[in-house]
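Just one chain is shown here, as structure tokens, and it is the form predicted alone.
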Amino acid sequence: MATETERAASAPEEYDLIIIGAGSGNTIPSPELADRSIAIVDDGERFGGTCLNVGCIPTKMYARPADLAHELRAGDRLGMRADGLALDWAAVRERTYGRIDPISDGGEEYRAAGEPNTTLVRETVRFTGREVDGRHELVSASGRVLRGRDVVIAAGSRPRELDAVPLGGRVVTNAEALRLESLPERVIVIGGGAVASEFASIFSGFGAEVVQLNRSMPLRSVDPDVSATFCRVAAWDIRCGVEVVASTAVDDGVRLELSDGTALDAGLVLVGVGRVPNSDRLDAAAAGIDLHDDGRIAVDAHQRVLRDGAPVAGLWALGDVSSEHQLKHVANEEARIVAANLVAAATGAPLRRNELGPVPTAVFTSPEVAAFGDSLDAARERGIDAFAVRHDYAWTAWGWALADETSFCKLVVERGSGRLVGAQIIGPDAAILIQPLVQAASLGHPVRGLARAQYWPHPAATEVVENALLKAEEELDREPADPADPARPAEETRD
């Protein structure tokens, strides 16, 4: 970090707009902003943000072949044999980054030289806490002083570290795992969220022996039935209720000491225990910016940064650094809101609000999981008079074709209004099947009429959703009953 003397010697660079982060923030420059001087600041090893380089996109390019391998190895139920099946890790890595790296390189080259109004700054920056002539001031690691009338904080997040398992060597995060030269025979994955579960599924699909360690249950943010089913049918070893208390490097990898008194050895350990907003690296607190308890930057409904509870003129934030949803589709929508409001603020037009919802999430494991909204327990805790219905893949013709005895769709519906409060799906194509339910909930359409207002291709996977909706309608049409009445319909019905 530069000294105060070095910073004083650096002539301030003044911009109309400074964007910190080249993930979703990189989508903000547009023809509507062509008359503004813009600086894009990014200190990532590769240009383009987490999703492009080490997150959503490359992970799915590994998840697809891994999922096929899982299916083939379990093909006995379909009359298939996959003797000698092997996946080529190096080949998949080359295919993945042969596609992604040119996009990253091209994006960086374009931002560096493609537009006359744009300057690329490939450094870490932090707020100084000063505002000069209405411009927010930042200083870079080399001492460059940047001042912007508008500053968009899109700095993202980073993997959370564990004191008991220091990173380095054969202890990695998802970022290093994707570019491994080869995969060891045994891998331990620490964590139970989306990142940890996806990598456990990928490593297992590629033939490694995998142990996934969880303090509680994996995917605990979804319905408990989904989490329990995931634990039961996953092709790898999932252990719940254990923590790592110490780690030691050994000749062939890493040894982990666990809270239950046991120890595990593996050639690789992946730490996937959540992510930390990068607000601390920006000295956001020192600049007086309001922070949530978990370090996220506080924003209002227009994505304006807050200070002492009030919006700060010219400061905006989006994505993982401020959002409770660490999801690319959420960050992209927030970037669209910020882009629109940068124009609106300059013209005096009304600002656009962030009111899109609900937020769907998908976990690309084997089995796949998708969900939005509340589980039945969560809905009731919020005081909603709700019920749940479930329809299994096995009760549809497509489920017969899959020989699937474990996957299902579950809906949580408010009594009376028929409002769709939440939905959870575990099974093939869950991320696709959830979308018509997201659409209905987003548009405020009750479940009544949704099933019979359209054709559902037969026999297709979507009939799982169709039949779940019909069950919900049946429950809504029943006469109200005393909750203590033993004849009251069950909260979950099955055909």
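On a predicted model such as this, the values are computed, not experimentally measured, just so you know. In this text, residue numbers run from 1 along the sequence as written.
Not pictured, yet referred to below: the form predicted together with a further copy of the same chain.
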item	value
Selected contact from Ala378, Ala345, Ile103, Ala235, since only one has a non-hydrogen atom within 4.5 angstroms of a further copy of the same chain in the model of the complex	Ile103
Option touching a further copy of the same chain, based on a heavy atom within 4.5 Å in the model of the complex, out of Asn467, Ser442, Thr27, Ser37	Ser442
a further copy of the same chain in the model of the complex: contacting segment from 286 to 294, 403 to 411, 165 to 173, 265 to 273, heavy atom within 4.5 Å	403 to 411
Leu87, His329 and Ala460 each touching a further copy of the same chain in the model of the complex (heavy atom, 4.5 Å)	yes
Asp83, heavy atom within 4.5 angstroms of a further copy of the same chain in the model of the complex	yes
Any non-hydrogen atom of Leu282 within 4.5 angstroms of a further copy of the same chain in the model of the complex	no
Any non-hydrogen atom of Phe387 within 4.5 angstroms of a further copy of the same chain in the model of the complex	no
Touches a further copy of the same chain in the model of the complex: Gly114 (any heavy atom, 4.5 Å)	no
Partner contacts for 348 to 371, taking a further copy of the same chain in the model of the complex and a 4.5 Å heavy atom cut-off	Asn354, Leu356, Gly357, Pro358, Val359, Pro360, Ala362, Phe364
